[in-house]
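Presented as structure tokens, the chain that follows is alone, the form predicted alone.
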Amino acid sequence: MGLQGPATAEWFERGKAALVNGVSSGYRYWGDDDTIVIDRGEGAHVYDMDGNRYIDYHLGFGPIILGHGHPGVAAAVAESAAAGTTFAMTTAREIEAAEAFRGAVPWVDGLRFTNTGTEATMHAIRLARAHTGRELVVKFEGAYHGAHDYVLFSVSGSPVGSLGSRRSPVPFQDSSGIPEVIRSLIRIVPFNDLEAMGQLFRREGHRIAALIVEPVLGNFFGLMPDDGYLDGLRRICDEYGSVLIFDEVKTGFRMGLGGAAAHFGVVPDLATYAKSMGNGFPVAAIAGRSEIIQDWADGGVMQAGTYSGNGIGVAAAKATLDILSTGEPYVDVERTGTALMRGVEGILADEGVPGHIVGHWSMFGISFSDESPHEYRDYANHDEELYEEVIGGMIGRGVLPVDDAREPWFISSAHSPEDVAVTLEAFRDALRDAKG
């Protein structure tokens, strides 16, 4: 695409001299000519080093629920930073943030803070294994639960052709450097297939410590569960004494104040949160029911972190949760997300392009396919080339979704009706150009 202007290109060259590929996360590298260097963010917009403005639907891969640089969050963080941030002891701000969390998610009996979603899911799995005395963990094809070894199998970037039979899925290892023995501790099941899950538990339920699930597949279009599917998972885990973990790193505080658990009316045993909880600041949590989290209190199950509950993160969390608890941001997010979903759907119909809008108004995807996806393997039916061409055209017009269709468009309360209008015009024009 050649997205770099002269100043951005100069900064990227400096970045490559200091950072591997000029980035601190592999997902941020778009190639030497297209990797953007950001100067600042304001509300729903980001600006590169050349001053080019983009309407942002990355939103940091989901955390920015209130908009970049929200003044209320920024002020709380500045106040906390001035008072010191890391003490190796509990702080009043940490307690206040935990109280705000429990007020927002009332099913939770207790929690501990950490810094990233990866840390949260890692600790949740360890806690589940300790609680049950079992070792196997079940995850879904196309689900991403962070960058630690125990979950880097059959994730959203895995090639569909390498997943094996649906009757007996093969755990596809997504990275080198993972010990082979870990493959034996993971079981993979297609999403939205309750019968397949039942068959697995009938074979190995007595060995399964936990089932970890994104209630909405946050790295696959924002795919929603079938009606009753999460209830079915709850019943299976109850029958076999396995821990049900909701990975709400993306859905938590984004789909609503109570996250996916409240939206779908299904209560897990443990849940992990990050992203929207701090509007872009590094803060995460592992939360759960008393009978499981009591294992931390009783000792013998490691959970620690030098920066866990640090002043910056918990101040951001408390401020963000206070603002979200008013309900007003969700009115704005729903208005914007619904308008975009309906608008894109209408443009696809007008242009005669097969496609489906997938997900929730706070995080949705666009599948260029004849049939709406139902599970990860359906990605094989998506026209990836057309999507990338359309998104490339949109970015050239100042609108910035992720160029991989599997990553949803994220909506913030800062997006305006004008942003929606510009976005839909850019989508229509880019689609027409891609059609030729």
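So that there is no doubt, residue numbering starts at 1 and follows the sequence shown. For clarity, every value in this text was computed on a predicted model and none was experimentally measured.
Although not depicted, the form predicted together with a small molecule is the subject of the following passage.
- Checking 142-150, 164-172, 329-337, 69-77 against the small molecule in the predicted bound form, the stretch whose residues place heavy atoms within 4.5 Å of it is 142-150.
- At the 4.5 Å threshold, heavy atoms of V249 reach the small molecule in the predicted bound form.
- Heavy atoms of T116 reach within 4.5 Å of the small molecule in the predicted bound form, making it an interface residue.
- Among residues of the shown chain, N310 is not one whose heavy atoms approach the small molecule to within 4.5 Å in the predicted bound form.
- Using a 4.5 angstroms threshold between heavy atoms, N219 counts as touching the small molecule in the predicted bound form.
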